[in-house]
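Next up: a single chain in structure tokens, the form predicted on its own.
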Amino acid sequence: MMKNNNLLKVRNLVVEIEGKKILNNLCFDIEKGEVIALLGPNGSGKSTLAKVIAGDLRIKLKQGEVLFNEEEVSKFSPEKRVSAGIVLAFQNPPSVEGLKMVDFIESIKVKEGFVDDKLIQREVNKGFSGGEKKISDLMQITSLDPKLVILDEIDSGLDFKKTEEVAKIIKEYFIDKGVAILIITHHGEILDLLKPTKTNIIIDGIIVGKDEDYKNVLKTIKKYDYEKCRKCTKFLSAE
């Protein structure tokens, strides 16, 4: 019998916000342990898709379903989805005043060596740089034993050195351990560090193309920009 590697299936997803269609009959798959990239211009529906998968209660589905490990999870609360193994890394993690990182680390039993001594003596995310917040968020996620981690613009606002540091953590603590990753990014520079197995382009709420070589996608975007991707013959039409 052929082994079923399907982890996430998004089928015929339609989302409207204030009368505007943000996701338009979108279909999307992720297999177990797969590293998928999703690129698109601002307002294309990238973050909305991430929030739908993670269970943001502010976003209502007009149509479609979300299957995780063959179970329909569209009605699951965010907490129940986390328990099932779906975790979203915040683009802008919140601060927690009065709680030191060292106490937080002990409470969630994160592995030693993840952060430096100076970072763990500070209050959670308070006064952290953008990169420190991203590292703090990833540290918290490791305690949840995720099956799918959604990285929504994890590289946004980071310089190359900090992006390298974040990518190293993602690879060591998730990718190398077989956790599926969805990398949502606008510019795509982090893809050189994480090397996704498949890259998708989303425009106007539709997956308009995909390629197994992320470099083809980045070259095409650089040459033609996103708005011409619909007509680009380098990509197969989305299923």
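The first residue of the shown sequence is 1; numbering continues from there. Everything quoted here is computed from the prediction, not taken from an experiment.
Only in words, not in the display: the form predicted in complex with a small molecule, which the text now covers.
Contact check for Gly43: a heavy atom falls within 4.5 Å of the small molecule in the predicted bound form.
Heavy atoms of Ile17 reach within 4.5 Å of the small molecule in the predicted bound form, making it an interface residue. Taking non-hydrogen atoms only, Leu13 never approaches the small molecule to within 4.5 angstroms in the predicted bound form. Using a 4.5 angstroms limit between non-hydrogen atoms, Thr48 touches the small molecule in the predicted bound form. The stretch in contact with the small molecule in the predicted bound form, judged by heavy atoms within 4.5 Å, is 35 to 43, chosen from 35 to 43, 66 to 74, 175 to 183, 208 to 216.
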